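Quick heads-up: it's one chain on its own, the form predicted on its own, in structure tokens.
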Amino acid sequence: MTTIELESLIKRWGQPGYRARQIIDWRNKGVSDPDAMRNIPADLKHRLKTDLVCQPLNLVRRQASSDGTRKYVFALKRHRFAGKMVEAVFIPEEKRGTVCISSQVGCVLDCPFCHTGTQAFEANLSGSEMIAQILAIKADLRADPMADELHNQVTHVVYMGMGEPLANEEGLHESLAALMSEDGLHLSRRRITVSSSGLVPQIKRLGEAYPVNLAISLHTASDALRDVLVPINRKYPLSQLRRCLNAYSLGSQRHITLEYVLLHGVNDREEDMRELVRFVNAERERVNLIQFNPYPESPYTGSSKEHMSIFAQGLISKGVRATVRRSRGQDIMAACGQLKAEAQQAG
């Protein structure tokens, strides 16, 4: 609810309107239990609990990695999809804390190197269910006395969990509005990143409505190979994607990230590098090379760290900004491409 909506309701309950701002401040900190809202009177706490509080997700499981990454498994509570699960990840760093959220149960795109892609699509999440992942993680961090103060803050949100965010355009836009609103989490668009495999019309509309940071799951600059690795390329080939990215709205000192998982003998060869250099708009884009994170029965193996470094240096020598992403949470299957939740809640 917005402040105005909540204020109107609270006044009808006979409470002063300023309580709405207090309640929303607690909510945005991840506090959803009215009993924990210390400056709210007891009669209003009771009314909130009986008439207003909604928890769209159940926390089923939390795992902690040796590197500090936390993976959360949530079960949906919507009647039609009750028990179906999604995963979200919190990645702490020295001066930032990033929440990676899911937008779908499963995924519609079937990229063969991604573990999530092996899970059949089952549901689009609502915008509220996406925001609920962030608030639940905030609440968990707030309740953990061992959490370092620097790591106890959610400063960035990335839509890089389960699903293709732009295939759930309505839910995505609803959640972005709540994230960026002064009544919501009031997060700057510079701190929000949406990842897409290349749904061209939806990317265009995203740039017009919510020009947040954009990351593209590219993985090859060859149409023939991308048809296999990223099947949506058959509908929106690289030529269309290129025109779309050239037109995407970028703020000052902003860039589009091209995500590129290096697969041994598949897309890590010299000719792959040359095609990538030809595709990249070096003034607007950078390449983020990603270590392939294995999953059971995967048909692929990743390039070695040494080869990843050589590939990166080759791009840099050609004028392309390139970085190698440090893999986080691999020991709990929380790294890039590893998220996959069971369809039904465990007993």
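The shown structure was predicted, so the numbers you read here are calculated from the model rather than taken from an experiment. All residue numbers refer to positions in the sequence shown, first residue = 1.
The same protein has a further form, the form predicted together with a small molecule, not shown here; the description that follows concerns it.
K.L.:
Quick one: L125, E169 and Q202 and the small molecule in the predicted complex, is every residue within 4.5 Å by at least one heavy atom?
P.N.:
No: none of L125, E169 and Q202 comes within 4.5 Å of the small molecule in the predicted complex.
K.L.:
Work out which of E129, E164, D268, E87 lies within 4.5 Å of the small molecule in the predicted complex, going by heavy atoms.
P.N.:
Of the candidates E129, E164, D268, E87, E164 is the one lying within 4.5 Å of the small molecule in the predicted complex.
K.L.:
Choose from 39-47, 276-284, 314-322, 289-297 the stretch whose residues reach within 4.5 Å of the small molecule in the predicted complex, heavy atoms counted.
P.N.:
Result of the contact check: 289-297.
K.L.:
Is there a non-hydrogen atom of S195 within 4.5 angstroms of a non-hydrogen atom of the small molecule in the predicted complex?
P.N.:
Yes, S195 is a contact residue.
K.L.:
In the predicted complex, does K71 have a heavy atom within 4.5 Å of the small molecule?
P.N.:
Output for K71 is no: heavy atoms all beyond 4.5 Å of the small molecule.
K.L.:
Find out whether any non-hydrogen atom of T220 is located within 4.5 angstroms of the small molecule in the predicted complex, and reply yes or no.
P.N.:
Judged by the heavy-atom cut-off of 4.5 Å, T220 is well away from the small molecule in the predicted complex.
K.L.:
Check E174 for me: does it contact the small molecule in the predicted complex (non-hydrogen atoms, 4.5 angstroms)?
P.N.:
Taking the distances in the predicted complex, the answer for E174 is no, it never comes within 4.5 Å of the small molecule.
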